[in-house]
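Just one chain follows, in the form predicted on its own, and it is written as structure tokens.
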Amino acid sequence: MSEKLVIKGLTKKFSKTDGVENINLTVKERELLTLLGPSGCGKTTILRAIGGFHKIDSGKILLDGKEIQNLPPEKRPTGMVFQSYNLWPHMTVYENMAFGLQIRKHSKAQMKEEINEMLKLVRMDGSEKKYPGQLSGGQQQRIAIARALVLKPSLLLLDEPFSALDAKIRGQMREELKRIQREAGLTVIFVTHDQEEAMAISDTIAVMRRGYMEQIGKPEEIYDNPKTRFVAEFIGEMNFLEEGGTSFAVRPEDITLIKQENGPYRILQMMSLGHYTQAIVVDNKGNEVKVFMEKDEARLFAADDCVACRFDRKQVFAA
């Protein structure tokens, strides 16, 4: 796959501690890359810099091989979708979508065809005459995505687009986004602080912290081989333990419980979480360890049982 977006040495500072510095990033054609990290780590700053909403202090942004860092937002081949949908409430769905096309002097027939095509893609055909207020949050977000896509952007930028939706709708929207991306052959940069969301939708994840990239890689690579303790803590569940003077980390699913009459751990509680069970075990110093196990395996254990823990896969991080 060819390179779609290349960022070289991008710096945008708001103050000494706030902003991003020397960011280097490559996004391939048809890739969905997620910028993931806690609030204030610089994810949205990078996204807005790509879209032209932040003038950068230094660096280069190349899209399809052309430098775009000095172009105003409307001259960049990017489409941006915000957390708050930003649909005009006094306009119908059709008018919301036609706005950008009118500025580009598209004919009425051309507009109609392109809007219908995009509404079909986001499964909102038939809603042209409705107003945003008549739609659910998930439907409004689909229209916001369709409105960005109707302008045929080379790159779609999504800033926490599902964070205002409830959990079930969020899950559905993630699946929809992957389908839309696949069907339209889109290149997407997605911003979220939700690691589960990032794991579910991304081809590549860039984990950010305090204005820097901690690790960039495929979701499974970041989950299985986190390079730093921060990444290990931020992605998925992780136990941090000490044994014989060394510190190590182990995922709850990489621990096997073994019944042992005078075992060093005691089961504090068992909790069924649908397709698996979570056990919390505690040692004689009060250190708790979280363990995930299959439902069938969990039936063999109960609270207050004494057990030993076998750590099937450990990771050691530098202090």
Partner chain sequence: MKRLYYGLGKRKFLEWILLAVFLLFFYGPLFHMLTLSFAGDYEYPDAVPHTFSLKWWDYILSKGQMVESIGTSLVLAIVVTVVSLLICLPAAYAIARYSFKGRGMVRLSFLLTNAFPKMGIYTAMAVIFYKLNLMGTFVGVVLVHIVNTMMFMVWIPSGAFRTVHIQQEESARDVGASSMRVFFKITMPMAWPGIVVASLYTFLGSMEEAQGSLLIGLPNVHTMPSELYGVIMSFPDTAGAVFAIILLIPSILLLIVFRKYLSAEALSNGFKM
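Just so you know, these numbers come straight off a predicted model, no measurement behind them. Residue numbers count along the first chain shown, from 1.
Only in words, not in the display: the form predicted in complex with the partner chain, which the text now covers.
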The partner chain contact in the model of the complex: Asn86, any heavy atom under 4.5 Å:
yes
4.5 Å heavy atom contact, Phe99 to the partner chain in the model of the complex
yes
The partner chain contact at Lys218 in the model of the complex, heavy atom, 4.5 Å:
no
Please tell me whether any heavy atom belonging to Met124 falls inside 4.5 Å of a heavy atom of the partner chain, as the geometry stands in the model of the complex.
no
Is it the case that Arg48, Glu74 and His90 all touch the partner chain in the model of the complex, with a non-hydrogen atom of each within 4.5 angstroms?
yes
Pick from 110 to 118, 206 to 214, 180 to 188, 77 to 85: which stretch has a heavy atom within 4.5 Å of the partner chain in the model of the complex?
77 to 85
I need to confirm a contact call. Of Lys152, Lys168, Arg104, Lys129, which residue comes within 4.5 Å of the partner chain in the model of the complex, counting heavy atoms only?
Arg104
